[in-house]
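Below sits a lone chain in structure tokens, taken as the form predicted on its own.
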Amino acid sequence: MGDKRHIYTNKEPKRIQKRKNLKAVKIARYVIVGLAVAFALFPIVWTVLTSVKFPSDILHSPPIWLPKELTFAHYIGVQELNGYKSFKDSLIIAGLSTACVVVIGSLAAYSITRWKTGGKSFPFGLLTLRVLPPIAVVFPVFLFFKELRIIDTYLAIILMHLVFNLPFTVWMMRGFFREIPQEAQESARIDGCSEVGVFWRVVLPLAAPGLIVTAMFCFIFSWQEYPYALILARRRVIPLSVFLPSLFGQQMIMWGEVGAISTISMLPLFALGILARKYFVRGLTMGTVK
């Protein structure tokens, strides 16, 4: 009995120490995650606060973290500078280019997956076009579009964003389509579905998470794209990526308006992330594990 009691008393401190270590590790994880979240959210919070500060508070030294009074004059100033029109232009360009690239890229990816279109090296060769620097083609494209008389139009920028995002979309959707079981597709064909029916009724629903994630990335790429928009935009069409740098003058920077338009420009991305959050993790992991 004495030996068993002695063994128990020797093991008890080890168990207590193990629990303390696990608790310390758990606390350390929470601290690290909290610091990472604070580091990531600080620029966003600072931008939002800047948009509602008075100019004297924005330029105050030391910085005023939380203003005593709020103002929405900078949002009115953005309206006077046609900032909301730029917001509308960016929505039209990013939305239409994303819709077009997802439709065309999905069909191309299914063709490559189903019939090995272009051979084995074609998908990788297509992906290399994605890493081509925009500056290498932007000036020939400008001259070409100038001859077509579509400079400073939605069509010109949408076409370039379509070409820019298409290789990425094909590569992503090809990986998602390859994960879909062939048995499900063959069963649909046996039941009398045409190839279009198989693609629409079987393949697309099963690849929906990947399709949504790919569309999100394409929208973000198009939303923040700068070189093509800078060269192809003039007065009638001015995306946010071109409008925002115009607020940084040589003698004065309109910090309040910069904060206001930056806050507004983040709203579609946040809304898109919230609406597609349940598909995001599944879409990112599709095609990685067989």
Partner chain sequence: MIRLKSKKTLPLLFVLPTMGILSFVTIFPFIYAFVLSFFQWDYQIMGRPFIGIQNYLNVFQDGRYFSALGTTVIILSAALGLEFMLGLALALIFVEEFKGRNAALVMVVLPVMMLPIVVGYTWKLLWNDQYGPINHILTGLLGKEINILWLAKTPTAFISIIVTDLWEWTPFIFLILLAGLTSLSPEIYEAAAIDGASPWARFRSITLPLMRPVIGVALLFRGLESFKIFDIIVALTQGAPGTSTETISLYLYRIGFQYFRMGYASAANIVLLVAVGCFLVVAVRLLRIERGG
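Bear in mind the structure is a predicted one, so any value in this text is a computation, not a measurement. Definition used throughout: the rigid core is the maximal C-alpha set that superposes within 1.5 Å between two forms. Numbering follows the first chain given and starts at 1.
Beyond what is shown, the protein has a form predicted together with its partner chain; the following relates to that form.
Though its partner chain is absent from this view, in the model of the complex it lies within 4.5 Å of a heavy atom of just one residue from Leu107, Ile92, Ala208, Ile76, which is Leu107. When its partner chain is considered in the model of the complex, Ala184 lies well away from it, no heavy atom lying within 4.5 Å. With a 4.5 Å cutoff on heavy atoms, Glu195 counts as touching its partner chain in the model of the complex.
In the model of the complex, at least one heavy atom of Glu147 sits within 4.5 Å of its partner chain. For the chain shown alone, Thr153 is not a contact residue for its partner chain in the model of the complex, no non-hydrogen atom being within 4.5 angstroms. Residues from 25 to 55 that approach its partner chain in the model of the complex with a non-hydrogen atom closer than or equal to 4.5 Å are Arg29, Tyr30, Ile32, Val33, Ala36, Val37, Phe39, Ala40, Leu41, Phe42, Pro43, Ile44, Trp46, Thr47, Thr50, in the order they occur in the chain. With the core held fixed, Ser51 shows a CA shift of 2 Å or greater between the shown form and the other one.
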